[in-house]
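In structure tokens, the next block holds one chain alone, the form predicted on its own.
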């Protein structure tokens, strides 16, 4: 442990200590330079910090700085993750400063924002870091006062002894930083929390509302140029030739050139997804000049034909053939209908579903379809890069720096300790920024241009580039006996280029005869994680179908689900059921009670319900729909969540509310189509989003209270919104919805 000044970058000090139990290597002496120094100056505090571990730094004046390891895109990890450290450190939250850490997987852990994993992943390691630092401070005080460490107590950043001696953390920080990191430090019991479970304001709130530079698009550097890429006009096309003579005559333009993102034979990692490999680049002084000059390019494109990619990472090393067809939505739908009739891969089978359906008194069969969806992050893709022969600095919005750095190492030919990645706040992510092709593009452009550059995608560039939510279809079948009992369940799902079926989720385990199958059609239209991947379609179709089955059985939709969950708990069928039936039933019971389901006073509403499990959490919604001017609107939503301990209740509530609005908008309007390989939607004038007057007037969120470790929250509330909206629409219009989006019922609002 050392005391260091703010002149070291993240690679300048490599000593690390291992905290027992968490398995995480924590830096003891790094401190980002310029940003930290600016903050210190603004706060009028000395530039001398005592480093207790990679997450905690304390000044002699008792100012505590906590480092947030994970990138922020609105889920408020910049507040919730430091709260976990502060809880075990036992400091006064009012005296805490939070700063985003640079990329360093060794010192700050995985640093991946995605999969609803941030709080879940860091729950134990960050608390251990705080508890270890607190113990080091206690030991420093004990040595200074000549008393047993067990007699030293802490409260809100102050050390005390029964003799009357006391000291603020800052007074002992320098000495504490010289002590070894303790092992096996005991963590607080949930009943003793004083910060966690208490709502805290967003630490970046003042900067956001006052327009301070936080995002990648805000970043500036001396001598920085702007770069844009001219992509092919359609999937399945590639660059043949170009004439940049007129472009180079435009004001402010420095260069036009082409380069390859990946060389032939390059082994792509699991998140190295890219759509177009040949890059046609325009570099100039300003965004406006580059945008206008790019229009002057004369480009000849040609069919790419079938290509082969070598993939590594998820699924092991393999060669993938990418078809060269110029695809259209109409042909894709026809192809999916054909494939749905073919034999598919069996994903799970319980009992004898074939006999159950053969002997059924009634078979209910419905098919559900959904289109590609674009992420549409409010801040389009961008990244700053300054690459020289010796080192590289990259700054911008990125969800998964640890997955991108190995690709940078290979493409730049630089060792990892010569590459620095700093993460800015992201203007939305939803999975889109887990794929770092745009960062690699920026780095290669900077290297070629021999200058610092910022690569910027326009909205049109981003929306037509790909890495979409896949196109899905699924056929559900239910077998009922003569007494209207559910005796068989079958789901067969497919998609372009993947299916959405989670074979081991509800109602698997609750039906004696069960079959799940899946199939996939290859495509050159690239896909990526989209808020609750696969689940966002699976929940919509499944929850709509369960409502229809409940109606055929003459049962209340909530009670029907609860009966199935009771069966899954008391007499589970098969193995590998992913969900906890009690917790699943818990959110349904909670949302039933809080919404007043089937209670007087709700007669004006057409009500729909849905519930789903994903990312280790449970969500249920009741959607209340009304008709205004002949059009359906969602007026109220009641939500119930079980995500374990809720670290920051206000932020958690906001996240659920955001998921509800996002889900309603995508259910009604989300759709991206193609014709001859070209995306037919390119900006918000023809890719419809939900509008302010269409958002619910009330979204009431309730959390199941328990002491279980936190699980996911960013994604789980999103999928069941689609099903709840579909079920409410049925009650409103008398018509079931099988094809997303549901805008066919909104003829006056399109």
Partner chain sequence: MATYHLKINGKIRPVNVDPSTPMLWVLRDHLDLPGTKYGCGIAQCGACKVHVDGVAVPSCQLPVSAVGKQAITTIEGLSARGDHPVQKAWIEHDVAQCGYCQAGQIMTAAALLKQNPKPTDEDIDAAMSGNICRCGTYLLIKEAIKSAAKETAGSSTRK
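Treat the numbers as computed from the prediction; the structure is a model and nothing was measured. Numbering follows the first chain given and starts at 1.
This next part talks about the form predicted in complex with the partner chain, which is not shown.
The partner chain is not drawn, but in the model of the complex it has a heavy atom within 4.5 Å of residue 654. Taking the partner from elsewhere, residue 407 is found to have every heavy atom lying beyond 4.5 Å of the partner chain in the model of the complex.
Although the partner is absent from this view, residue 472 stays clear of the partner chain in the model of the complex, with no non-hydrogen atom inside 4.5 angstroms.
Taking the partner from the other structure, the partner chain in the model of the complex has no heavy atom within 4.5 Å of any heavy atom of residue 412. Residues within 4.5 angstroms of the partner chain in the model of the complex, judged by any non-hydrogen atom, belong to 289-297 and to none of the other stretches in 387-395, 485-493, 289-297, 318-326. Checked against the partner chain in the model of the complex, the candidates 215, 519, 262, 123 yield a single residue with a heavy atom inside 4.5 Å, and that residue is 215. Proximity to the partner chain in the model of the complex, taken as a non-hydrogen atom within 4.5 angstroms, holds for one residue of 661, 444, 196, 573, which is 661. Residues 683, 684, 685, 689, 690, 691, 692, 693, 695, 696, 697, 698, 699 of 683-711 are found to place at least one heavy atom within 4.5 Å of the partner chain in the model of the complex.
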